[in-house]
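Read the single chain below, which is given as structure tokens and is the form predicted alone.
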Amino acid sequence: MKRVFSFGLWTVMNRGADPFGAPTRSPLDPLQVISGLAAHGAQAFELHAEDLIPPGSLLAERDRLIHEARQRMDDAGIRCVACGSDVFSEPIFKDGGLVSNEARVRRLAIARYAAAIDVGHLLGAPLFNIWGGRDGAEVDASRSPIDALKRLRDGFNELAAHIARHGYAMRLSIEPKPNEPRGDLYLSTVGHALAFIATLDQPDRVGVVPELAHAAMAGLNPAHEIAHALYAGKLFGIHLNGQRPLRFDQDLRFGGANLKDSFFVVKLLEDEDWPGPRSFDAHPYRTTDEQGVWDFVQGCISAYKILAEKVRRFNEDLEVHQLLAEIRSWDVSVPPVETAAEGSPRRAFLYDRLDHLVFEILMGTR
């Protein structure tokens, strides 16, 4: 299987601003970013519709930008694999988009998402990904979480109906996150998202896009989060990056933190031969200049390939094979419970050695 590497336009276009400092890089033109990604090893991109089309643009300007983007895509041989919408940065969405206590704001959020779905369709995106960054709360007394979930359900149902009504070949996805920018978000983890999807009118149209950083923020194992989505047949995409656990959303370069977690994420995707794009949602560091942005792009891709090679070495290592074969042999026959409890010899578990082999392979000493 040929891997497809993808970046969100918002990642490369990120200017290095943070809550405590102004931007450190000049703005990049989204059309140039599409071409630049193709020139630096990416085969695909994701975007928020607003990354390409400024809010408030007239229809003619929207169509011109889409036409130019399609031309760049054709010329560079790069495709759009997912679209979304910025329903989180403008002040109007300060109390949420789909869950706002104001009906007019909820209608605006639906309209914003629907318009972005149209843009995604015109760019050939097979997926519309929703990260509800404002769909949460700091003040629990302000809104019943049951009411919030009902509003989210109504919103997703309406968007799925919009896709079906227009005959788009597109699916919806949820990108869960535990917190930030809201104090607590309602769709916090893959488990929350899977349970929520089951309540929708068209659950087959909706899946999950886990992000490594978001899982780590909740103190969870990213590979386990992804495995739940895979097992449920709901892994519609993935966002790769680095994150130190239980901190603010850092969006570090892939491979920049939690090397072992990253290894097992790559191992899961490679072992399962998952066909989707390996999409990066990381930001170049604030200290990076404009040229360094492209080094960052190549570095993320290189990190994945290096870890994939480590996975291959793990899977082909003779001692690893022997240990795993012995572990599997324990499951061949199961003695009665009373025998296992009273008469069986004590099992010599081999996990410590296996774990050290992972360390040796990752460190390149084996």
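Note that the structure is predicted; figures quoted are calculated from it, not measured. Start at 1 with the first residue shown and count on from there.
There is another form of the same protein, the form predicted in complex with a further copy of the same chain; it is not shown, and what comes next is about it.
- Shown alone here, P145 lies within 4.5 Å of a further copy of the same chain in the model of the complex, counting heavy atoms only.
- Taking the partner from the other structure, a further copy of the same chain in the model of the complex has no heavy atom within 4.5 Å of any heavy atom of D204.
- Of the heavy atoms in A39, none are within 4.5 Å of a further copy of the same chain in the model of the complex.
- In the model of the complex, a further copy of the same chain lies farther than 4.5 Å from every heavy atom of R62.
- Just one of I163, L127, L268, M73 comes within 4.5 Å of a further copy of the same chain in the model of the complex, counting any heavy atom, and that one is L268.
- Look at 167-175, 119-127, 73-81, 282-290: in the model of the complex, residues with non-hydrogen atoms within 4.5 angstroms of a further copy of the same chain sit in 282-290.
- Shown without its partner, the chain has D18, P19, F20, G21, A22, P23, T24 in segment 10-35 as residues with a non-hydrogen atom within 4.5 angstroms of a further copy of the same chain in the model of the complex.
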